[in-house]
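Before any questions on how it binds or moves, here is one chain, the form predicted alone, in structure tokens.
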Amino acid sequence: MRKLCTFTPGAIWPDSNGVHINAHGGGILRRDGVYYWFGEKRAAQASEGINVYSSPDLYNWQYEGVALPPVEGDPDHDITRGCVMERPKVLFNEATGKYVMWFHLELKGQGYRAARAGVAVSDTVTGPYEFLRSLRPNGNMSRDMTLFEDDDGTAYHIFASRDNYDMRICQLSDDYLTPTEKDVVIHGDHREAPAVFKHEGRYFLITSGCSGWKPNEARLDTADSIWGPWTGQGNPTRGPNAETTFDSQSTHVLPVEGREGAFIFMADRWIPGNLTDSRYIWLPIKFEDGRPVLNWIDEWDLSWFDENTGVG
């Protein structure tokens, strides 16, 4: 099929087979010059595991398969078919040579009461991943989540807790497989959908409010240390539909390799009646007076950063 050379937020995004990409609530890892997009494989309503796609350019994606499927035939397994697997993120651990996946897990038949984090590993980036365990980090509920690897290789799990009223950050062990006791509440403002990134020594956190599938206003928090204090900076979106984050919800902020100061805001435009068809909102981040700003763009490409990075 024809190669894509632009991003069109909110449109159908076909993979190399011509099928709309099914990687919702996702995150991206870059390894050896290739980007890998991990996300929720969704049927119209059901959760069907974690998909992975690969791309050399961020526009065109090849389907690599199901990195972590639900378990069949074992109704007592944590990820038996019928569980809910959301917001997967993957990091590569240089010391162990393992790819480590964390995700939000809800157990079959329990609605959203379980509030657990799942952990899986693989020797290869596309998997298959081996499920290790699920847990509540340090006994805390864990729902919407992300991972962040700092410049020194230290990894952190950032997650909504206490029925989404707390946002927590927990340092992971050196192998990225378990939480440590370095665990703090960032704020207790009833937020979810965390996306964390770092620019010029400062940390940035974008979250959404808690309104189910209905989109709401994003919020930006900043800090000079990953441990805080984190300071609210209001809504980073500008223009029409800014009050609903352009009808979407944050999932990840992607640093663009080879472009200093270039970041892409990734979000989902959920379609609750048919989750498979939910769309992706990718927008470039512009810095104004050191703060990230998001403006709506109908269609754009990576050359946008040639004129808009390093502003402020």
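Please read these numbers as outputs of a predicted model, since none were measured by experiment. Just count from 1 along the sequence shown to find any residue number.
We do not show the form predicted together with ligand GAL, though everything after this point is about it.
Engineer: Just checking whether G212 would be counted as a contact of ligand GAL in the predicted complex - the rule being heavy atoms within 4.5 angstroms.
Structural biologist: Although ligand GAL is absent here, G212 would touch it in the predicted complex, with heavy atoms inside 4.5 Å.
Engineer: In the predicted complex, is there a heavy atom of ligand GAL that lies within 4.5 Å of any heavy atom of D166, even though the partner is absent here?
Structural biologist: No, no contact at 4.5 Å.
Engineer: Residue-level question: is E192 within 4.5 Å of ligand GAL in the predicted complex, judged on heavy atoms?
Structural biologist: Yes - in the predicted complex, heavy atoms of E192 and ligand GAL come within 4.5 Å of each other.
Engineer: Is there a heavy atom of D144 lying 4.5 Å or less from a heavy atom of ligand GAL in the predicted complex?
Structural biologist: D144: contacts ligand GAL in the predicted complex.
Engineer: Using a 4.5 Å heavy atom cut-off, which stretch among 212 to 220, 94 to 102, 174 to 182, 132 to 140 contacts ligand GAL in the predicted complex?
Structural biologist: Contact-bearing stretch, as computed: 212 to 220.
Engineer: I have D15, Y35 and T126 flagged as a candidate spot, so tell me whether each of them has a non-hydrogen atom within 4.5 Å of ligand GAL in the predicted complex.
Structural biologist: No: none of D15, Y35 and T126 comes within 4.5 Å of ligand GAL in the predicted complex.
Engineer: Judged by heavy atom distances of 4.5 Å or less, which residues of 102 to 141 approach ligand GAL in the predicted complex?
Structural biologist: Result: Y112 alone.
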